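Quick heads-up: it's one chain on its own, the form predicted on its own, in structure tokens.
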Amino acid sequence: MPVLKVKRDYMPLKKAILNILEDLADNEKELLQKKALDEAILSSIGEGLVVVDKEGKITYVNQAFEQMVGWKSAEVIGKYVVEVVPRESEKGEVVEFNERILTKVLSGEIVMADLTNPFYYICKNKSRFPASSIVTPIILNNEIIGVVETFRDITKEKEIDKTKTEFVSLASHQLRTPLSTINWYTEMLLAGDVGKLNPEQEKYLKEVYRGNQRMVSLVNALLSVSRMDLGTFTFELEQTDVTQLVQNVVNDQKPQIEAKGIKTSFDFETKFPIVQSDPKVLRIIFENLLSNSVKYTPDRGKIKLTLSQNLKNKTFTFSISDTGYGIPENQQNRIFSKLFRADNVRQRDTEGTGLGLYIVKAVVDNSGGKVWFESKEDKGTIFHVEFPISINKEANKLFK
């Protein structure tokens, strides 16, 4: 049989393949342009930017990173970020790997930045600068595959803050003398040292005295904060009877407690030891916590003070519980921030400063202790302060 020959036309197929190749080339060109644009945007960001994989190894840094820490991109890609850019506390203590915010975010932990506790990044040349950073996880298919960190140098902000702190310290010192004079003369008048007062005069003088006392309290708080921020706050250690000190603090605030009809109770461990501490510092802590409980507990509420010791850890714990307004759950992470006051207490009391708990935490943290709390809004709050039975003399260096 004769073989039937079929003539095939490959031109349409060839043309289709060429069209596909052209489309691929166009897509590749577009992708390269987008990548170049993305890299240009990341490089032009004014803040330092570093991207790491799930192992903590650097995969990308921008120009600001190179300028701020001194490392070039080619020198750090593929290296662990915690080794390239060590992080230190303000006191020069190296932040360990497990304590780095970046490490915690990689493990899935939600971390809130503590703006009251600044940190420093160490540069290639071993110099350091104060930094503020934001660390965000990179999530793909519900899995953390890395993190992005942006940071900036806050040296100027710290210098401005220091200048303001020095001004507050100077102003506070200057205000103490006239306020003390007003306090002294008002007490003399109320005591009848210069003659008997009629009821109306006594009423007005008591208002002057109360107003002056509030001013003295504010000035003392500002002075304490400025000393902490400037590193001039020091401990003066001596043998201290904590039980008696707490009782004295309660007696000082007895008029306010009785005026609101608040019932106080005590649970003090028997044979409580004499501790090596600074009674003035302990008084600051006890006064702030007690005054908050009294101020933010409704009339005829309850306050309980507890003192206990832990011989194993060589610590003692002071706890104060109340049936007050409590702290809203969504604001509890900010309660120790400077000048912060929760919404539910600002509505009821306009005279607070938002400095008391900031001072308590700063003093406790820098003396080797710790402070924490449990609270439910409209149910009450319990604050706990754990303190060393004997504060080391090196504690004074912690504020510097």
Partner chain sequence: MNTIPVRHIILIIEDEVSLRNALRDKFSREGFFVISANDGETGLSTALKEQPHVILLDVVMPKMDGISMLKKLRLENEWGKNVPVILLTNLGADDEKVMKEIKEDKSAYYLVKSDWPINDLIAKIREILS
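Positions refer to the first chain, counted from 1. All values derive from a computational prediction rather than experimental measurement. Between two forms, the rigid core is the largest collection of C-alphas that superpose within 1.5 Å.
Not pictured, yet referred to below: the form predicted in complex with the partner chain.
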| said: Exactly one residue in Ser107, Asn313, Gln244, Thr177 has a non-hydrogen atom within 4.5 Å of the partner chain in the model of the complex; which is it? | reply: Thr177
| field | Candidate from Val95, Ile154, Val216, Ile144 lying within 4.5 Å of the partner chain in the model of the complex - any heavy atom | value | Val216
| message | Since only the chain is shown here, I'm wondering whether Asp193 would be in contact with the partner chain in the model of the complex (any heavy atom pair within 4.5 Å). | response | yes
| message | Is Tyr120 near the partner chain? Define near as a heavy atom within 4.5 Å, in the model of the complex. | response | no
| query | Does Glu207 make contact with the partner chain in the model of the complex, using a 4.5 Å heavy atom cut-off? | reply | no
| message | Given that the partner chain is not shown alongside this chain, does His173 nevertheless sit within 4.5 Å of it in the model of the complex, heavy atom to heavy atom? | response | yes
| note | Which of 74-82, 286-294, 178-186, 263-271 lies within 4.5 Å of the partner chain in the model of the complex, heavy atoms considered? The stretch 178-186
| Joint contact, Glu55, Arg87 and Thr103 to the partner chain in the model of the complex, by non-hydrogen atom at 4.5 Å | no
| note | Checked 245-282 against the partner chain in the model of the complex; residues with a heavy atom within 4.5 Å, sequence order, are Lys280
| C-alpha of Asn313 moved at least 2 Å between the shown form and the other one on rigid core | no
| said: Please state whether Tyr209 has a C-alpha shift of 2 Å or more between the shown form and the other one, with the rigid core used for the fit. | reply: yes
| task | Inspect the rigid-core superposition and answer whether the C-alpha of Phe167 shifts by 2 angstroms or more between the shown form and the other one. | result | no
